[in-house]
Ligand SMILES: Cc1cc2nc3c(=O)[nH]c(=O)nc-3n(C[C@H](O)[C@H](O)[C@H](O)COP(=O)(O)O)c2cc1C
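Below you'll find only one chain, the form predicted alone, shown as structure tokens.
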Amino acid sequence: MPLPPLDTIPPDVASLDDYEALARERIEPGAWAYLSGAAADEITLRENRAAFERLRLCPRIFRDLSQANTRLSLFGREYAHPIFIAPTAFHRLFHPSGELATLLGASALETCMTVSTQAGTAIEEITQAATVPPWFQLYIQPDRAFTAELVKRVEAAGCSAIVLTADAPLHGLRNREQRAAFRMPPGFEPVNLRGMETVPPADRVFGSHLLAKAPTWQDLAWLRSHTKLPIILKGVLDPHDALQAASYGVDAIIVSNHGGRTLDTVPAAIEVLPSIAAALQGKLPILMDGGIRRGTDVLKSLALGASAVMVGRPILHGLAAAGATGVAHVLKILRTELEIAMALTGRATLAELDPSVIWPAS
């Protein structure tokens, strides 16, 4: 039987890995497989961490840090720090208050949260409680008319950007989840998709209606014509796709391999980031997610071309362990680690982070 969420944070909790251990004790085994699992042999899942660990930092001394800060500006809005919450589904699997508890923890640290299409809480309820206007993660649905109405609804609710996920026209085969025979419990549904025309499951991939209705670049142009909100394209790993996205008028991209959950054996996001930054040459802001567990990971991402990062699984670990307090503490740990790493590498602002922060490879 899973343990209940903690009322207070134990004094020996010092890192995000500590939260993962606490969360595992509080999540039903099938839901843990759903949260922690990735595609196939989970090589990309492991590589997301290993690639960060291979990078070394170059410390600098006697730098003026008297005006140090982590502020950044994106799409005309000011953010207190570059650590954002990635879209993840069904937060009520991990805490009874679901997305509202996540939002409360995010608000305590002035963090921008991206609400999943598969959230279990209505977008209007989330935006009404938000102190930082959230972003909304969108899958273009086979029902395009419903998708257009959902975009209007998201705008009216007060979301400040749309995060269009591009790298999951199909679910990856997550063997850990399959072996656990995980099924969404009764009563769990993506409430923001109520009223959508449903698509029956397919018994094959090629030749199925799933691929016949999968989004294309033309659908990105269609979405651009339906909203004035910034569109952030999530799931870019190829520099050519990044350049094509820029030509279609997106406002930013997110370098991401979907946490290793869709296609296994693709490279770690941090490995791909420098080549995409080089291709774009500042045309678009770049965000990145995948494997971030330390403030030094955030620093490395910003040094190699990202404007900000997104964090997924660790937020849910904090949520499961201690609700809103756990989410806030996870974000606090990351932000404190980032500030210490910036100070010890002699960088007072995010604008001073560049590849020279990384120790040259031998």
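Numbers follow the displayed sequence, beginning with 1. In this text the structure is predicted, and so the values were computed from the model without any measurement.
Separately, the form predicted together with the ligand exists; it is not shown, and the next lines address it.
Screening 298 to 306, 33 to 41, 55 to 63, 324 to 332 for residues having heavy atoms within 4.5 Å of the ligand in the predicted complex returns a single hit, 33 to 41. Although the partner is absent from this view, residue 234 contacts the ligand in the predicted complex, with a non-hydrogen atom inside 4.5 angstroms. The ligand is not drawn, but in the predicted complex it has a heavy atom within 4.5 Å of residue 289. Within 4.5 Å of some heavy atom of the ligand in the predicted complex lies at least one heavy atom of residue 89. At a distance threshold of 4.5 angstroms between non-hydrogen atoms, residue 118 is in contact with the ligand in the predicted complex. In summary, among the residues 256, 147, 160, 192, the only one with a non-hydrogen atom within 4.5 Å of the ligand in the predicted complex is 256. Of all the residues from 188 to 221, none has a non-hydrogen atom no more than 4.5 Å from the ligand in the predicted complex.
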